[in-house]
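Okay, so here's just one chain, in structure tokens, the form predicted on its own.
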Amino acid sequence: MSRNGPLALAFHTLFVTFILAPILVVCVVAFTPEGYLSVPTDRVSLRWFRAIADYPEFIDAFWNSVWLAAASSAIAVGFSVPAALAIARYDFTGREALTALFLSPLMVPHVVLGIAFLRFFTQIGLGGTFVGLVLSHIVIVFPFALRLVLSSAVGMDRAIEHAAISLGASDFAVFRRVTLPLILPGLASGWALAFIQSFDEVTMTVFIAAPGTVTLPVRMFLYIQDNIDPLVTSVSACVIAITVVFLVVLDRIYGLERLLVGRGSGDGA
């Protein structure tokens, strides 16, 4: 295997720096003792982390985002399983059109989706409700879940299923004990990616959310419209820390390589 040359290493270093620099700056500014956005020079302070307790709206919005992302990603993954298996296994009329329809939310601007959902939910009585938020987020995260589940379904060896059927297993038993374990990496990675997309969504959600269902990104967006203090950076730093801890725990329990690639680093070729 050829090793990367100096030019490739320099490019990778610049790329990683470009990705991580904004995150690091936000985390550093969160420790400033000043009342404005600045990098701490003489000392660091937890002033703005303690200030989060004075704004319970951020804590409530965080839990709204967690429950919303968990519900919408779980439902989206559930819908993606039959869709992915049908697309991967059967050649039927309109297959490409159906796939394009499932992936179409990726091509529609979220502002357009927000206005459309606002009008639709208002007419059917779901405007500003948590159910309306879940339904709208399912639409935008479903393509991400579908793509990853579809990748696992396409690469699955169906000979194992045929062997289970030949041994007398029922269709449900084959699906539960053979098919689902084989596509589990796609399900897990699809859920994780859908969760992230739902948790970070702000453009569409700002049209649909009501005061009682405001998510954390929307709350932060509304806050910075009228304030320029570092409180938002401390909230962002807490979210980043929670994400890092979650990834570390996930790597220890399940393995990120197995989650994203489908096989652990210790598996044989």
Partner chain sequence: MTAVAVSRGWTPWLLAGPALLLFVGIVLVPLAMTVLLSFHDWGQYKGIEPVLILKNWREIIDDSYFHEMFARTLRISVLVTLIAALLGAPEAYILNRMKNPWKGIFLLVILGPLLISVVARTLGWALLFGGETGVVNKALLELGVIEAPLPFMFTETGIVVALSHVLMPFMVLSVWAALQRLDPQVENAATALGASHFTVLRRIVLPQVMPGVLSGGIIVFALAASAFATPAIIGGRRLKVAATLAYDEFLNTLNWPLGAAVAVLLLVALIVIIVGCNRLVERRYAQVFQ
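Residue numbers count along the first chain shown, from 1. Just so it is clear, the structure is predicted and the values come from calculations on it, not from any experiment.
We do not show the form predicted in complex with the partner chain, though everything after this point is about it.
Novice: Given that the partner chain is not shown alongside this chain, does Thr233 nevertheless sit within 4.5 Å of it in the predicted bound form, heavy atom to heavy atom?
Specialist: Contact check for Thr233: yes, within 4.5 Å of the partner chain in the predicted bound form.
Novice: Consider Leu150 of the chain shown here, and say whether it contacts the partner chain in the predicted bound form, taking contact as heavy atoms within 4.5 Å.
Specialist: No, Leu150 sits far enough from the partner chain in the predicted bound form that none of its heavy atoms falls within 4.5 Å.
Novice: Would Ser189 show up as a contact with the partner chain in the predicted bound form if we use heavy atoms at 4.5 Å?
Specialist: Taking the distances in the predicted bound form, the answer for Ser189 is no, it never comes within 4.5 Å of the partner chain.
Novice: Please run the contact check for Ser45 against the partner chain in the predicted bound form: heavy atoms, 4.5 angstroms, yes or no?
Specialist: Contact check for Ser45: no, nothing within 4.5 Å of the partner chain in the predicted bound form.
Novice: Which residues within 176-213 place at least one heavy atom within 4.5 Å of the partner chain in the predicted bound form?
Specialist: Heavy-atom contacts to the partner chain in the predicted bound form: Leu193, Ile196, Gln197, Asp200, Val202, Thr203, Val206, Phe207.
Novice: Against the shown form, C-alpha atoms of Val244 and Leu106 in the predicted bound form: closer or farther, for a change of 3 Å or more?
Specialist: Closer together, by at least 3 Å.
Novice: Out of closer and farther, which fits the Cα atoms of Leu247 and Pro143 in the predicted bound form compared with this form, where the change is 3 Å or more?
Specialist: Result: closer.
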